[in-house]
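This document opens with one chain alone, in structure tokens, the form predicted on its own.
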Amino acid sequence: MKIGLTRRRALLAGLALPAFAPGLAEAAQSIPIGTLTPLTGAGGAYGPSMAKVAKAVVDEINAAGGVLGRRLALTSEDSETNPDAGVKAAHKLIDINHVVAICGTWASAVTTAVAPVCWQSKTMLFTVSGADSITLLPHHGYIIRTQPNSHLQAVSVADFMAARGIKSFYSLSVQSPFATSVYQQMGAELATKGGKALGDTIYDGSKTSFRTEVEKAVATKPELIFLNSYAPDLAILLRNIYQAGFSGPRFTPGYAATPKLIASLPKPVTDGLISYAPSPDPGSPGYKRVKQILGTEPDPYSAQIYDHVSLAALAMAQGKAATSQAIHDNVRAVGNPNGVAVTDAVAGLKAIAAGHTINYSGASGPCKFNAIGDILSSKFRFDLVRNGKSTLLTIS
């Protein structure tokens, strides 16, 4: 009886193998890649769209035959816009999913915490965080940043202020690696144009009122108040500034001045608010594809993660290896050279397979990086809130 039972089990096992083996083989041959976006928390307005775009790019690459004949397998995790949660999710992606790259980290504090996990494991990290300090870390080439660093942002903002005759500003900044460097560089840049930075107060974003901080800023009589904030604290600051009677321009990063936030506040509170953000390339086929995926005008971060996934795939194809090391070694070789112009991963993969040198320029614009992983150039858009709606002022 035992012999017969053993034979029967063996026979059943043998019959079962063909049904499961292809799936197992496919899983073993796929190339794992991850996203780590803020699906919740202060960046929750952007993370879901970023993850959706990343999945669409992966699906398009797989439908066209994958990378080096292998499918990409995408795993998306939530950073919660929190450094501790981001580190935990990064370990899962690296230690359990064995990803060759992590794409889309948002918020400088999250990226700063996650970066050592990546470079110590030799896993490529693509980020949309802007603090200069990030690429000054000893990351050994394992960070690529598509977001312009704080220097590029400060120059653009100071130029915008000077062009409108603004000579002085005071900054109210949330605690983050990004805050101090932006204020210092904006002040230095505006000083070259005859302007002056009057001071910077770092505030605790968990507070429910910033009346004291606002009164300190208003007392310096600035022409403009710069609110280096996230959306939740920006809402409180705008109310406090309105109550303080300040009538000058208020200026803030675009990621804070979300449509949802603007709609949630009384029109007099938001009227005149100016926001700035890196501008994707509206004329790019990649930008138009992201718009098609989302069904709305893309935010800068959704455009950038489109390029993260594309760059990772193209670098692996260029290096002829489905590894993080291949991405590390070849990511500049697919965007920096003056080769065949391509604007999406599928076209780029075909060109590489045909033996061409390519120049990838995607949804966020040209993808040329310096030695420490910073994007070399970027345009910026400036928007003005009037009557409860944000409208484009200029792109420069």
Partner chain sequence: MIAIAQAIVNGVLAGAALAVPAIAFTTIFAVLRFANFAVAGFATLGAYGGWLVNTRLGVPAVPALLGACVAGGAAAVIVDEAALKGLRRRIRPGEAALAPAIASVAATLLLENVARFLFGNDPQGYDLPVFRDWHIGALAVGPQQLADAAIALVAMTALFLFLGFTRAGRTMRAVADNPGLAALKGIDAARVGRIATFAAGALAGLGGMLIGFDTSLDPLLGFRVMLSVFAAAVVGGLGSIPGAVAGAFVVGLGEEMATLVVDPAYRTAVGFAAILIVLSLRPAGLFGERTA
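Note that this is a predicted model, so its numbers are computed, not measured. Numbering follows the first chain given and starts at 1.
The same protein also exists as the form predicted in complex with its partner chain; that form is not shown, yet it is the one meant from here on.
For the three marked residues, Met186, Asn359 and Ile375, no heavy atom of any sits within 4.5 Å of its partner chain in the predicted complex. When contacts are judged by a 4.5 Å heavy atom cut-off, Phe210 counts as touching its partner chain in the predicted complex.
Its partner chain is not shown here, but in the predicted complex it comes within 4.5 Å of a heavy atom of Ile236. Using a 4.5 angstroms threshold between heavy atoms, Pro266 counts as touching its partner chain in the predicted complex. Its partner chain is not drawn, but in the predicted complex it has a heavy atom within 4.5 Å of Lys216. This chain is displayed alone, yet in the predicted complex one of Thr220, Thr192, Gln292, Gln175 has a heavy atom within 4.5 Å of its partner chain; that residue is Gln175. This chain is displayed alone, yet in the predicted complex one of Gly66, Gly41, Gly339, Pro366 has a heavy atom within 4.5 Å of its partner chain; that residue is Gly41.
Across the options 102-110, 129-137, 238-246, 160-168, residues that bring heavy atoms within 4.5 Å of its partner chain in the predicted complex belong to 238-246.
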